[in-house]
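Consider the single chain below, provided in structure tokens and representing the form predicted on its own.
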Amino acid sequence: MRIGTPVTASALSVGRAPLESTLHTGAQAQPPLGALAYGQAANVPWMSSVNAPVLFAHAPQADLWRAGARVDAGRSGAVRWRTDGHWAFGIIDLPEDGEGLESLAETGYRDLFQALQDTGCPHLLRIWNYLPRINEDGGGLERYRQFNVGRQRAFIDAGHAVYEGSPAACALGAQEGGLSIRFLAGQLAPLAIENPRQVSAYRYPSSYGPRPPTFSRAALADMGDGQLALLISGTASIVGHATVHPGDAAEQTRETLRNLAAVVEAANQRCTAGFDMAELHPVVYVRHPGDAPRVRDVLTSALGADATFLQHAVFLQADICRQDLLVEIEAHAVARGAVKA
């Protein structure tokens, strides 16, 4: 099934709010494109839950993506998608069933690329990956590295960029279940952003696995109506390609903030939006729940308790893609502006 392209492109919006109000908003006349719920599942077809425990006693939150007045739903293999013809949001949940994570990742991403064709939204803007036991040995190769092999093979087979121009993404360790992938796509290609303090993930040396991770540090995406989104991938305490401050969650958080600042600055050099790190809407992943208060204290000291960053932050417990990483932060922001010519 291929969905027709609308004559006039719709604008895409995203808002983070308590889950209860998100469900109320989603019940209004304009149907949602999709949503990510943090902390509690909701039995509605347009919402997907993130399988990670929420830290601190906050009300469950959700990110709601909204686009055109009409939204169609369909399937492409394992992908359940929703689209208005200009934007698409997809959900993939695959049980392992003994297949092996490398093969499972390849299958999931093969179906993902088919969904891009079926919806007429060929450009990936953002991907969220969740896989259980991410740091465990998978028969001679760490499971995250197995995932990277299957993911990159699917990118190559589909003819999508695996180096410059690859989408913003994250990969975290889920508590249980199989491989979960969520993605946002559109008709316009985003502008990939890299961090000058880090080696691009897709250029990592072979010591990090037979295939490097396939993602850019961030992406700038035209949302329509003069709005520009900054979509920041999972960011951690890495300088060059090496983990720094092992064993110290507070220092890793400070280094992560330095990397976020560098990504925001790199993005601002390429656009007119003027993004501010204090205005980001983050998801903060912490490996050990006992480190969460210390992580929050570092963020509060650096940005201020009243900053949008802290007011809208979601803290989740999850394993990070490297065993020596204790904290990872992803984020997004939307502002008026455009990519510079």
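Note that this is a predicted model, so its numbers are computed, not measured. Residue positions are given as counts along the sequence shown, with the first one as 1.
Note that the form predicted together with 3-(2-carboxyethyl)benzoic acid isn't included here; everything after this is about it.
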{"query": "Contact stretch among 232-240, 185-193, 249-257, 110-118 - heavy atom within 4.5 Å of 3-(2-carboxyethyl)benzoic acid in the predicted bound form", "finding": "232-240"}
{"query": "Position in contact with 3-(2-carboxyethyl)benzoic acid when the complex is considered in the predicted bound form, options Gly150, Gly173, Gly85, Pro213, heavy atoms within 4.5 Å", "finding": "Pro213"}
{"query": "Contact flag, Tyr144 vs 3-(2-carboxyethyl)benzoic acid in the predicted bound form, heavy atom cut 4.5 Å", "finding": "yes"}
{"query": "4.5 angstroms heavy atom contact with 3-(2-carboxyethyl)benzoic acid in the predicted bound form for Tyr163", "finding": "no"}
{"query": "Residue contact check: Ile181 to 3-(2-carboxyethyl)benzoic acid in the predicted bound form, 4.5 Å heavy atom", "finding": "no"}
{"query": "Exercise: Leu326 in contact with 3-(2-carboxyethyl)benzoic acid in the predicted bound form, heavy atom 4.5 Å", "finding": "no"}
{"query": "Partner contacts in the predicted bound form for 183-211 (non-hydrogen atom within 4.5 angstroms of 3-(2-carboxyethyl)benzoic acid)", "finding": "Tyr204"}
